[in-house]
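The chain below stands alone, shown as structure tokens; this is the form predicted alone.
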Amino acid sequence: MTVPPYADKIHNWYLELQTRICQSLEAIEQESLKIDLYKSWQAQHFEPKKWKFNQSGGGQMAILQNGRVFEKAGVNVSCVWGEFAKEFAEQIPGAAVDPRFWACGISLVIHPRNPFVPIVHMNTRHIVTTKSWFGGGADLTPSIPFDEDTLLFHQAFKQCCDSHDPLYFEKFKAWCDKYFYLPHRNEARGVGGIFYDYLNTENFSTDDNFNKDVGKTFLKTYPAIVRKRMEMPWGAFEEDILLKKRGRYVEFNLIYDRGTQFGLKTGGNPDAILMSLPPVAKWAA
């Protein structure tokens, strides 16, 4: 396995998407200047920070902290290559026979301040060993759910999936529901979305375009939900619900999330990997 010839093209797309998402969220921060609910806080911008992988490549973090609408938001891009450790290579398709790999992707998690604005996660990636595939998805984790927001989110990704393959949505929605589940709590982390992995139809352009459309769909959908909910007032009762939901989010990411495990086991930047954790959370039954 060598770095694929299209590596720069893939990497540049993720950097472009990162910029567009950050700009979209910063625009919401600025819009909130007109909303008295947020007068105790200052509008914030994303702070970019580059890091180097311990083998080859690296990443670009973009973190917004203590904002008006977003208490914490991270939009990170990484493009790394090297060799998997032997014990980990056996868990990765195509790596047991040759541990060399190349991986590039974007990952974001947004923790809003307002309990009526949902937490959200999205990532897309492309990985190459002796095999290659795309993976990713997007899922919504509201503290206080609204059926219309859930429907909007699901319909947007159904439209995205249907434009590529009419079988994708039901398959990827069910995969998401199964994946983002906390067995020890016997509850779902959120209201779902889509999740896919090991996607390789043997048509690179088709798979690449689907992967890109997932990112575009997120950019079109989540900011619209934020704007719908960001002016709703909240108090201590709603904030307590938010903090407990964040606790569930932390439990999943530290115990079950494969992306977290992949990043840590390959020697990735722990600050970038753990940017998904909220600044404040509660744990309660």
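Bear in mind that the values here come from a model prediction, so they are computed numbers and not experimental data. One-based numbering along the sequence shown.
The same protein also exists as the form predicted in complex with a further copy of the same chain; that form is not shown, yet it is the one meant from here on.
K.L.:
The chain here is shown without a further copy of the same chain. Which stretch in 218-226, 39-47, 246-254, 24-32 comes within 4.5 angstroms of it in the predicted bound form, by heavy atom distance?
P.N.:
Correct option: 246-254.
K.L.:
Hey, in the predicted bound form, does residue 279 get a heavy atom within 4.5 angstroms of a further copy of the same chain?
P.N.:
So residue 279 counts as contacting a further copy of the same chain.
K.L.:
Answer with yes or no whether residue 56 is in contact with a further copy of the same chain in the predicted bound form, where contact means some heavy atom within 4.5 Å.
P.N.:
No, residue 56 is distant from the partner.
K.L.:
In the predicted bound form, does residue 86 have a heavy atom within 4.5 Å of a further copy of the same chain?
P.N.:
The answer is no: residue 86 has no heavy atom within 4.5 Å of a further copy of the same chain.
K.L.:
With the cut-off set at 4.5 Å between non-hydrogen atoms, does residue 230 touch a further copy of the same chain in the predicted bound form?
P.N.:
Taking the distances in the predicted bound form, the answer for residue 230 is no, it never comes within 4.5 Å of a further copy of the same chain.
K.L.:
Could you pull out the residues of 62-78 that have any heavy atom within 4.5 Å of a further copy of the same chain in the predicted bound form?
P.N.:
Those in contact are 63, 65, 72.
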